[in-house]
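To begin, one chain is listed below as structure tokens, in the form predicted on its own.
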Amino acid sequence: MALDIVIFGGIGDLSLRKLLPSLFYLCKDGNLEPQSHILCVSRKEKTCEEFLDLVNGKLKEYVKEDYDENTWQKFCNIISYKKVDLTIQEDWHGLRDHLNISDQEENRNIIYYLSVTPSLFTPICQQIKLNDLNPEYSRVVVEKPLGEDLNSAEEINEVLALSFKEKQIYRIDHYLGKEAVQNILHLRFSNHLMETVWSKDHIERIDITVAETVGVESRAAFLDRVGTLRDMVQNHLMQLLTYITMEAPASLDADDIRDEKLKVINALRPIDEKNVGKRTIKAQYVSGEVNGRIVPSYLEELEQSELETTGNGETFVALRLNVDNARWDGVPFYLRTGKRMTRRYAEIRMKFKPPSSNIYQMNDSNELIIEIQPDLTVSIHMLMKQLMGEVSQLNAHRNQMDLNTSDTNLARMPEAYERLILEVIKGNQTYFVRDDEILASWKWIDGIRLGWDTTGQAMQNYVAGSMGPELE
């Protein structure tokens, strides 16, 4: 099958750091058909030689020891560069001539990857429609942020819908490409043991944590404007929450799965001005030690960036929420995410209720831990008699049973973008976010932000290198 992949923003950071290395791996592993073609588009003038030298250098930097000349020779034969200024109609005519699109074609796919700021979605989609570049066999991939609130998300969805049908739109959240996240549904719905205890009757609480050690880096202006609630919770943590809590879908069809995720978001108890003070924390880091070095405070980093910022963006968020349905009624969910924290990791930790007859008088209980990064591990913490201890001994010992662990002897683990691009090529929307899910999550998030504004909730501080303030 003929495949054309057109990357708008093709020589930007995301393309060079993630997309092209992922496509290089797909080529290396034989997942791209020989008749595939990758076209990188940008408004900059660049010769073919300059473009190939740039891509070659970045591949060596990012794929490291997996780089090889044989794959590069195959890869450079299917990639090219074209200057397209969004405001110049002749450039769009040239793109159409290059793609040679016909509505009557069979066995062909065209994928447009919008690796650009959302402000460019409108002119790109308008030109795609104007120049008849959107046949039925075309698809479009869009990156987050998909809006910064409900209104802007609605506008973006309306723009996409003008040029593409929903079945053609792939909204990326790269967390859905992670091996550990994709394994959650298998763990839940293919194991009777897990299925029978996955509810309020057995689970006391669930904690979802995504911690980062980096600061604002090159995203200072964006992060200060939107804050961690909108940058991380609305997408990444919301996806983890829906996978953990959704009901079994009617099938593995993409829309059946996404229907169940949407039901979870609609069942979230609102957090607003009435309860936002008790259910949320927002905070910024002050100077502290991270990975053995002293780092400046958030506000100092903003000053060093020399960008126009307000200093109002939160770098840490903690939420206590409830899913008001029959399965999860009364179970508290704690979501935490922040920058400049103790270590970089993402995990889901499920704490089970104590046994009904606690004859050993234990304060501890079983836990199921799903590690998403940096390791990919599912483990159960069980309480057992301490080795060589007395049978009647009351101080039971916590033991960890690993259900699956990262193994350096296994084949290379595909990176999230590599997995997701392959799913787009296959036409599988399972690991992509639907329009109604995006809007529902923004509506819930906007309630928190309005609650903060209405109550004037204070910004707390935490020392860089810590795990942030505690939410009871």
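What you see is a predicted model, and the numbers here were worked out from it, not measured in a lab. One rule holds for the numbers: they count along the sequence shown, beginning at 1.
Although not depicted, the form predicted in complex with a small molecule is the subject of the following passage.
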Would you classify Gln127 as touching the small molecule in the model of the complex, given a 4.5 Å non-hydrogen atom cut-off? no
Even though the partner isn't displayed, in the model of the complex is Tyr81 close enough to the small molecule, meaning a heavy atom within 4.5 Å? no
So in the model of the complex, does Gln373 come within 4.5 Å of the small molecule, heavy atom to heavy atom? yes
Contact label in the model of the complex: Arg344 to the small molecule, heavy atom within 4.5 Å: yes
Within 4.5 Å, heavy atoms only, which of Arg336, His236, Arg171, Lys261 is in contact with the small molecule in the model of the complex? His236
Heavy atom within 4.5 Å of the small molecule in the model of the complex - the one residue of Arg205, Lys74, Lys278, Arg219 that qualifies: Arg219
On the criterion of a non-hydrogen atom at 4.5 angstroms or closer, are Tyr175, Lys178 and Glu212 all touching the small molecule in the model of the complex? yes
Tell me, please, which stretch of 147-155, 290-298, 225-233, 108-116 lies within 4.5 angstroms of the small molecule in the model of the complex when heavy atoms are compared? 225-233
